[in-house]
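Just one chain follows, in the form predicted on its own, and it is written as structure tokens.
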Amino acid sequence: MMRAEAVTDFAIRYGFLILLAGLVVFFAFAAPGFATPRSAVFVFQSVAITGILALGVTCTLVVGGFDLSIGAVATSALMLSAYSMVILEHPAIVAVALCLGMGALVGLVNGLLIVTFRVPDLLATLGMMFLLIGLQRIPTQGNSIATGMALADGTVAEGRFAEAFLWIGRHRFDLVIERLVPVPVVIFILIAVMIWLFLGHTRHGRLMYAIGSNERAAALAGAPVSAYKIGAYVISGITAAIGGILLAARLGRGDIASGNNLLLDSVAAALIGFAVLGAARPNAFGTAAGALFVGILLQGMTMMNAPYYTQDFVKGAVLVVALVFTFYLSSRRGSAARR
């Protein structure tokens, strides 16, 4: 009996990490070129933006909420930064400030809708998602933004993306002999560490977990529940805007369709994080590992020439199996402990 419990505990804590390592080994043999520095760079780049958005979702999950608007916020930040620099000819610092302000404002509105007006989080953020998808298309009549594009008044856009802005999306730091570490990856790691420290090692983070576990009990204990819930959505909006800025800096244009998969990939990363180290709850380390898993999975499938329409199916299957495995074994372990 004790041996079976030990095996169950080991599977809950380390099963996902073993699966992640096995996935890397599988693709290294099955996909020619997967185990190369160039492939690693592609994985890191995709992980960075997805992971940053997923960390924002994690903060809303911690307080018992959910944010469906992150993909639309990221795409809006991409389009806003392009519009600011290419059409309005603003400097990079102004474009970045506008995007961060927009993300914070969207998060604040989401939080107020949920807390003050009692709109369910899924409905509030879904409505915001559709609002932003439509709003970002209005100034350019649904067109992408690039230097030299024709404007509605018959003029030509003469602005361009600042070199300093493009640097944050395209520069790579040297690692031994190869330029392997893109700036977005460094930003992702910094944000992940900050959120990990905030959620796991500060009083505010512990209060957020308490609110997510039992909001009424937290309120009776004197916690400012409304402020923390609104703050979680503001964090989510800002991180989504950062992801959009990095995507714009990497592409060098305002591509209206470039953020289509950001929501699904980010949500998958955040939810897969529940299975990492048996946490069974939202956490920054698990989210980062989940983002890495999604990035490796998509890169490996792409290099194996898997049809694009199978990728969402595989992601969904992995997510369902990981969560069922984690929560089922956790509930079994809890039942055994009570007996």
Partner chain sequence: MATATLELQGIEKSFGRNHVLRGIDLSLPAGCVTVLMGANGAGKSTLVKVICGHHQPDGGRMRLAGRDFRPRSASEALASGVVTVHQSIDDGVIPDLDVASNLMLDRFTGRGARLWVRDRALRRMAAEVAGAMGITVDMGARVAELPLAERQMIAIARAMARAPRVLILDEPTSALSAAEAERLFALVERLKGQGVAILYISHRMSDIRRIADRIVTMRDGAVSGLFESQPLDIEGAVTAMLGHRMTEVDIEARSGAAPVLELEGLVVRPGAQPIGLTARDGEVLAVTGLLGSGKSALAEILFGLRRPVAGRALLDGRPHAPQSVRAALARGVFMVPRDRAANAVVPDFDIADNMTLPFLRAFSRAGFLLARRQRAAAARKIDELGIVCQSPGDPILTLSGGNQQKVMIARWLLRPCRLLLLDEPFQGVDIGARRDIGRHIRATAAGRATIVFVAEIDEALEVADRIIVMHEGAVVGTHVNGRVDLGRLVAQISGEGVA
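Numbering follows the first chain given and starts at 1. All figures in this text were calculated on a predicted structure; none of them were measured in a lab.
We do not show the form predicted together with its partner chain, though everything after this point is about it.
Although the partner isn't part of this model, could you tell me whether Asn214 comes within 4.5 Å of its partner chain in the model of the complex, counting any heavy atom of the residue? Answer yes; at least one heavy atom of Asn214 falls within 4.5 Å of its partner chain in the model of the complex.
Wondering, does Ala221 line up within 4.5 Å of its partner chain in the model of the complex on heavy atoms? Flag for Ala221 set to yes.
In the model of the complex, Thr202 touching its partner chain (heavy atom, 4.5 Å): Yes - in the model of the complex, heavy atoms of Thr202 and its partner chain come within 4.5 Å of each other.
Answer with yes or no whether Leu197 is in contact with its partner chain in the model of the complex, where contact means some heavy atom within 4.5 Å. Because a heavy atom of Leu197 falls inside 4.5 Å of its partner chain in the model of the complex, the answer is yes.
For the spot marked by Arg206, Tyr209 and Arg281, is every residue within 4.5 Å of its partner chain in the model of the complex through some heavy atom? The answer is yes; Arg206, Tyr209 and Arg281 each reach its partner chain.
Just one of 103-111, 222-230, 255-263, 77-85 has residues with a heavy atom within 4.5 Å of its partner chain in the model of the complex, so point it out. In short, 222-230.
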